[in-house]
Ligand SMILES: Cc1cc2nc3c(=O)[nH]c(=O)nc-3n(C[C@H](O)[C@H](O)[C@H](O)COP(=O)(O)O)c2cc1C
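In the form predicted on its own, a lone chain appears below as structure tokens.
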Amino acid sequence: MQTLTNARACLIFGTDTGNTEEVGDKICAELAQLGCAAEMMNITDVSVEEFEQFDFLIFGIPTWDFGGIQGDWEDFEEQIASAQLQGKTVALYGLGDQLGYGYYFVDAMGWLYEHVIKTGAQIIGSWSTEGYFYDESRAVNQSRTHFCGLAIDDDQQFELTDARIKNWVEQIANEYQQLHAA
């Protein structure tokens, strides 16, 4: 049986301002509290072959302006499509501004989800939309009850970020354990 503590884990992020990296640092710190040492890499410094070596991947992406995809992830689009992630577990987190860009809130995370799901990866970590105030999002399910990963709005709800990260990491740890229980 594979457990989270013995899984090869990596958090891969793209960022322009450093915010997605900062959230990634907090996620890795919470994972460490649970006994999971996750490597952290910028998408600019990794190849598909490298991240195919991990059992558990966490991908972080911000949304820019009116639904824009962070440039480094967009440049990596073809590599994502060719990735062999069958048997891998993936969780996603995205940053956005639900007030300033309420019709595009965490759209980039939805874009990334659409690409990753095609690779055969098992995606965990959907997150409730409760407590968010946005108009539209490419990252929500059809019933609008859950995002495809952790949604962070450090612009409008910064005071909720740390608690959301802590709760989400506990959630994905439990989901990972359940998924890999033998």
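Start at 1 with the first residue shown and count on from there. In this text the structure is predicted, and so the values were computed from the model without any measurement.
Just so you know, the form predicted in complex with the ligand exists too; it's not on screen, but the next bit is about it.
Chemist: Only one of 124 to 132, 59 to 67, 110 to 118, 29 to 37 has heavy atoms within 4.5 Å of the ligand in the predicted complex; I'd like to know which.
Modeler: After filtering at 4.5 Å, what remains is 59 to 67.
Chemist: Under a 4.5 Å heavy atom criterion, is residue 91 part of the interface with the ligand in the predicted complex?
Modeler: No, no contact at 4.5 Å.
Chemist: Residue-level contact is defined here as any heavy atom of the residue lying within 4.5 Å of the ligand in the predicted complex; does residue 101 satisfy this criterion?
Modeler: Residue-level check for residue 101: yes, a contact with the ligand.
Chemist: Closest heavy atom of residue 155 to the ligand in the predicted complex, within 4.5 Å or not?
Modeler: Yes, contact at 4.5 Å.
Chemist: Can you check whether residue 19 is within 4.5 Å of the ligand in the predicted complex, heavy atom basis?
Modeler: It does: once the ligand is placed as it appears in the predicted complex, residue 19 has a heavy atom within 4.5 Å of it.
Chemist: Even though the chain is shown alone, can you say which residues of 87 to 112 have a heavy atom within 4.5 Å of the ligand in the predicted complex?
Modeler: Result: 95, 96, 97, 101, 104, 105, 106.
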